[in-house]
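One chain follows as structure tokens, the form predicted alone.
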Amino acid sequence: MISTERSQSQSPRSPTAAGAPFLTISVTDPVKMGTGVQSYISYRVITKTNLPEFEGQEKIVIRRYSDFEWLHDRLAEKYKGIFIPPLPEKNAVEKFRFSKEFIEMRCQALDLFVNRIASHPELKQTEDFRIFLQADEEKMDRARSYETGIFKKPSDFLQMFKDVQSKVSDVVLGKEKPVEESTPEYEKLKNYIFELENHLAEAQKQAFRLVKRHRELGQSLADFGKAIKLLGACEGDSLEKVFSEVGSKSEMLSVKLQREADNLLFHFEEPLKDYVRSVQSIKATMVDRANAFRQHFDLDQERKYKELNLEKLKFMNPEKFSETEVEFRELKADSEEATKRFEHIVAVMEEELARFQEQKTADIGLAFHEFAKGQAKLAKDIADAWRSVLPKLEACSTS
């Protein structure tokens, strides 16, 4: 089985002394359940902790991908401004969905997902995270089915109706495109995020090509090894021994190349791909920020407009003034609340960006270190293998 151990930089801190608070989680033992279109992969999620808010020091639960999705969506809905760790993509292609490599890569990515939550100072304390880590399957199914209904609660339907109504009104009335936040600092951040996504995606694409080339070269060496052994068997005498050794070295190097391809996939290409997903999570947070800004701006503009009308009514229509004043107070409260939500998202994003940059530097640095170390070892193994047969080949060529 291909190793999927996490690096220290990607995991929550382990306890450094007896009695120190700790929370460690592992996602292991993927198992295919069911048959046909109803089949899925289940995972064992093991939690070890001494935190008082958890039930006991060790808990083992069985989860499937949709449970991880439920946790991700709950956190994204409730904690605006926080960069919610990304989930691995779904794979709808049947022949790949249950392949050994795909299952192991997904297991590694899900393990990283829950451990990033566990290392986050706010997300690790959420009730949803504790439910995910501790609830039995029946309770987990109930929580998931309630939250994934067509409408989670009546207010969602009302909000959806208001959103549709607003969009229709905008079209009918020919309103301009909603104003967007535009400050030098935020424009710089947006440009950086979009450039980072493009560069990471290109690096990940080239890393995938490296994995493919290693596998192709490994297969070619295996085929060459078999062919050269057969050639030696036809020649007989000393050539047979030398060609057999060359063939064995080729087959040995083939195995090493395949192993290095796996190492590149899990410890280089996949971490780069994970950070492409992470940047997409940041972009989702930026959408939340844009929506909060528009709501803050629109309500503030409406408040200013009604404040002017209120002053006019005070002298022109005293009877309507009292009624309008109540409406204005409600609008002012809504406007202040929208401003607070926007400012909260801005403040949280600043903290999240600092955490992201620090973690990215550590994780990407480790990935490139693993890449360079693996390539150096492979190059040495290849050089040593061919160097060892040179004297015998030289002897054959001069005899």
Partner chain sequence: MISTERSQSQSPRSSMAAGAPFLTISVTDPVKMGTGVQAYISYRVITKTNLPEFEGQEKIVIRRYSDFEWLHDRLAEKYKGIFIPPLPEKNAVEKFRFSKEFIELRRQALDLFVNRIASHPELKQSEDFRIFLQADEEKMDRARSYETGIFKKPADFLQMFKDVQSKVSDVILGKEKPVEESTPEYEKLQNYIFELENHLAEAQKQAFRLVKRHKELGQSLADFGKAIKLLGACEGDSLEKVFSEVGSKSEMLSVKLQREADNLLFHFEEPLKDYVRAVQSIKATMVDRANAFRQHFDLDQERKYKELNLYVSHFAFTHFWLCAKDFQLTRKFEANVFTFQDIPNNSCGLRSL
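Positions refer to the first chain, counted from 1. Owing to the predicted nature of the structure, the values given are computational and were not obtained by experimental measurement.
The discussion below concerns the form predicted together with its partner chain, not included here.
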Should Phe268 be classed as touching its partner chain in the predicted bound form when contacts are defined as heavy atoms within 4.5 Å? yes
Using a 4.5 angstroms cut-off on non-hydrogen atoms, would Glu138 count as touching its partner chain in the predicted bound form? no
Contact test in the predicted bound form: Tyr146 vs its partner chain, heavy atoms, 4.5 Å: no
So, in the predicted bound form, is Glu202 in contact with its partner chain at a 4.5 angstroms heavy atom limit? yes
In the predicted bound form, which of the listed residues (Lys312, Arg329, Lys78, Arg213) lies with a heavy atom within 4.5 Å of its partner chain? Arg213
Have a look at Ile62, Ile364, Val348, Ile41 for me and say which one sits with a heavy atom within 4.5 Å of its partner chain in the predicted bound form. Ile364
Can you work out whether its partner chain is within 4.5 angstroms of a heavy atom in all three of Asp73, Ile131 and Lys249 in the predicted bound form? no
Using a 4.5 Å heavy atom cut-off, which of 303-311, 221-229, 107-115, 288-296 contacts its partner chain in the predicted bound form? 221-229
Can you tell me which bits of 123-138 touch its partner chain in the predicted bound form, meaning any heavy atom within 4.5 Å? none
